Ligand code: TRP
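Take a look at this one chain, the form predicted alone, written out in structure tokens.
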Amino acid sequence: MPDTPANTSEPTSDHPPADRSESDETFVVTPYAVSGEVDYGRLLERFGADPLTDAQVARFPDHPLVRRRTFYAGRDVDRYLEAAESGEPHAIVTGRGPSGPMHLGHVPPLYLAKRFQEATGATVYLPLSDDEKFLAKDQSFASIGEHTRENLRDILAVGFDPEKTRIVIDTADADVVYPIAVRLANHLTPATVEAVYGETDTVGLQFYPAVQATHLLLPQLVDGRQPTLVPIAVDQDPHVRVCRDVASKEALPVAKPGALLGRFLPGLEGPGKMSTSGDTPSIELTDGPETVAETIRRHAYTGGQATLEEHREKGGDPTVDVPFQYLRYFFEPDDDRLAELAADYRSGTVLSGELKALAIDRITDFLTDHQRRRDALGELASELEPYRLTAGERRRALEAAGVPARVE
């Protein structure tokens, strides 16, 4: 990856006029659908983001997700890093769309945000877009509500600092989210929404980018102008680009949020995005050791050869081997050990079954720790309370957005 300087200019728009969320004959990437073999370099050309430089990677708190370029690109990264290094206020925003149980593909941004919070004291905002999922998925409010409650337990189990973390649920915090979204929507045209997202199924989804922009600006509306970084999978980047456009048009005391864009954790069947929809298998955060082992053994695509003899002779390909990629993305922290595994797999010394066994062990260890913290949680309402916006924070956000006080 070339070590090129980050783009620190302030364009008036973060998306070209012809950009309609990456789509061509081979792959599709939008906030609502991902299919095909994703060309991450081409996405950056279309989205207008910059690859992380070696210097930027070195300035982030050390984590394999950044060190190995799983999170590989962004916008206004230097501004965030400068604030983090100098001890000035800075914030992280990432979150969850509660349309189903959480699986391994959902956790990288959350655990990365926790690492940044521990290392630099970043304030972390975690919005849950239950309203969007009701609009985008064929599910009832009751179903979305149950997913929200279960997802909240997984988010709390990550272990964020409640003093520096705020969890916002769109329908539960509508007194703050909706008035600000209405103000931002005044600068969001149907043409802009269509240019970035393509055609949407409902009027509600046309409005949702204003809600998402509210999420991304909340840390600054609550606590003042400060660099904000949004670590997300690359399919969610349109939300950041629209927010940056809106922030440049609205007279609010905020800076454009920056972005840290990540690759998808491969699905077990091979390259692509993990999903809770359809028949695609996934490893949920509540799966036990036996389920993890069976899922990996039965469904994980390997880069090995058809027979033992052929594998010993020709070796395997770790770049397409899903168990190896899971180790690379998140579950093998030692770079030297990872390089040794890759070399031994290519030479045929390590077999596909051995890589599967190692991935099963590492994933099981991770889930055991996560589930222990999850199971230790008490009643959800009391556990969640320290993470909710306070009355003062709600008032400051509305005042900063120029929203009149509610009539009681």
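None of the values given here were measured: they were computed from a predicted structure. Don't overthink the numbering: it's just position in the shown sequence, from 1.
Keep in mind the form predicted together with the ligand is missing from the figure; the text below concerns it.
Participant: Quick one: of Leu260, Leu184, Val93, Ala122, which gets a non-hydrogen atom within 4.5 angstroms of the ligand in the predicted complex?
Facilitator: Among Leu260, Leu184, Val93, Ala122, a heavy atom within 4.5 Å of the ligand in the predicted complex occurs only for Val93.
Participant: With the ligand left out of view, which of Cys243, Val234, Ala300, Val230 would have a heavy atom within 4.5 Å of it in the predicted complex?
Facilitator: Checking each option against the ligand in the predicted complex, the one that comes within 4.5 Å is Val230.
Participant: Counting any heavy atom within 4.5 Å as contact, can you tell me which stretch out of 211-219, 324-332, 147-155, 305-313 lines the ligand in the predicted complex?
Facilitator: Only one stretch qualifies here: 211-219.
Participant: Evaluate Pro127 for contact with the ligand in the predicted complex, applying a 4.5 angstroms cut-off between non-hydrogen atoms, and reply yes or no.
Facilitator: Within the cut-off, so yes.
Participant: State yes or no: in the predicted complex, is some non-hydrogen atom of Lys133 no more than 4.5 angstroms from a non-hydrogen atom of the ligand?
Facilitator: Because a heavy atom of Lys133 falls inside 4.5 Å of the ligand in the predicted complex, the answer is yes.
Participant: Would Gly267 count as a contact of the ligand in the predicted complex, using a 4.5 angstroms cut-off between non-hydrogen atoms?
Facilitator: Gly267: no contact with the ligand in the predicted complex.
Participant: I'd like to know if Gly97 sits close to the ligand in the predicted complex, meaning any non-hydrogen atom pair within 4.5 angstroms.
Facilitator: Close contact exists here: in the predicted complex, Gly97 approaches the ligand to within 4.5 Å, heavy atoms only.
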